[in-house]
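Single chain ahead, by itself, as structure tokens, in the form predicted on its own.
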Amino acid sequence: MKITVQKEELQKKLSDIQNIVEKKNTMPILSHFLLVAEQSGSFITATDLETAFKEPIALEISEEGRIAIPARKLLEIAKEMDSSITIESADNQWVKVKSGKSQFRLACLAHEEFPVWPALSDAEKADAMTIEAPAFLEMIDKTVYAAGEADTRYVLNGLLFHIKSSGELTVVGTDGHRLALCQRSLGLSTKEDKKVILSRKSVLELKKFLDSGEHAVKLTVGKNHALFEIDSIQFLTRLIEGTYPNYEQVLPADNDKDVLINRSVLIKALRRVSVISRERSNAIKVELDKDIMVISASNPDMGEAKDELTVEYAGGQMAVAFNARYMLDAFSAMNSEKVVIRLKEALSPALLLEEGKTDYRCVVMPMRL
């Protein structure tokens, strides 16, 4: 192989894959990316065995070839170069990297050692769907914060994507203490309802590429993988096996006490009071009376905090405790000027909504006072 690539092109493409290439080196090949230089099309591929990423790269090809190169080290080299970079290899063990009068020699691995890109069947490809990137990104933003991060119930460390044959998409995240659900009628065309669980890590990585513009996303769901195609980028991730909790049963149906409040005012009050709440539990107390909400926190080691807010509420006196961070995460993901906290009893789950909307719903479990 012998190719020449512009510094900016190589630096950008290698930056795209840095969160995917394996850092722990349990398998040396996973810290490498596969560079394919062919006249018919050149691209780079990276994988951590859960997620795989493929993106075209613009090269001047003097000699075609394929080789696996250490991703992090080549990025560090590219950042320090001043002009175009030449990469040349005569075997599968070493690659020469040159720019101007600077040159490096990097140990490499044979392309045959690189994991094979999982194939999707023709039937699976035929049932592909197209989703507008901005809508898809918004649904992820409104739910991913609620997914677990290191839960022993592995399915809770992912997001559920429930695709209905009616064209509706529901995205759900939960860690067992809170739940966020976003529904949109996106006109998706699929032959049957599908439920797929994607890991939180892979969804956060996918988000980076959805951020890049107004493009449509082509989604293909396979037996074990989901493939997202954004322009010329291919992002493939393994599905999490298991049964996701029945989110419809978690949504409270009979909460009858509504608190209507200005969203930004509430967020500021929660932030102020939570400064004093214990770091581990983040507990705050919410006391309600006619059109009044008092938020307070107490920490024996630090002191107390209290804030009083004017709200629209007519449900009678009530006191309930919540994790302040859970409330802040939910309200920060909302867009409306006013929000609704729908309650029943002190130890019943609270339903959080945007005023006048039901397509985005959050459930937060209370804490014991």
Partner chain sequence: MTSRIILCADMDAFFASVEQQANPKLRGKPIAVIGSAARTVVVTRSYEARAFGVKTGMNIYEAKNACPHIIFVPGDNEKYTYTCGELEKIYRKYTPDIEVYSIDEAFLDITETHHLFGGPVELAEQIKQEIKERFNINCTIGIGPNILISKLVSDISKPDGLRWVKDDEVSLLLEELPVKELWGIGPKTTEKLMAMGINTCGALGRAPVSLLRSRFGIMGEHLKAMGQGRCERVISVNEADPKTIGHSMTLPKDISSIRQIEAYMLQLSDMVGSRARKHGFAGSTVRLTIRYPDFETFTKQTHLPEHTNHTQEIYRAGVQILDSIKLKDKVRLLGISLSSIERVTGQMPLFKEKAKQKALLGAVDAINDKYGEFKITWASYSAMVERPKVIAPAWRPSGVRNIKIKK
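Values in this document were obtained by computation on a predicted structure and should not be read as measured data. Numbering follows the first chain given and starts at 1.
Note that the form predicted together with the partner chain isn't included here; everything after this is about it.
- Within 4.5 Å of any heavy atom of the partner chain in the predicted complex lies no heavy atom of M1.
- Looking at A253, you'd find every heavy atom of it more than 4.5 angstroms from the partner chain in the predicted complex.
- Although the partner is absent from this view, S31 stays clear of the partner chain in the predicted complex, with no non-hydrogen atom inside 4.5 angstroms.
- Among heavy atoms of P118, none comes within 4.5 Å of the partner chain in the predicted complex.
- Between the options S281, Q93, T130, T86, the residue in contact with the partner chain in the predicted complex by a heavy atom within 4.5 angstroms is S281.
- Checked against the partner chain in the predicted complex, the residues R271, R153, K207, K125 give one hit for a heavy atom within 4.5 Å, which is R153.
- Stretch-level contact check against the partner chain in the predicted complex with heavy atoms at 4.5 Å: of 170-178, 68-76, 260-268, 107-115, the positive one is 170-178.
- Heavy atoms closer than or equal to 4.5 Å to the partner chain in the predicted complex belong, across 341-369, to the residues L347, V363, M365, P366, M367, R368, ordered by sequence position.
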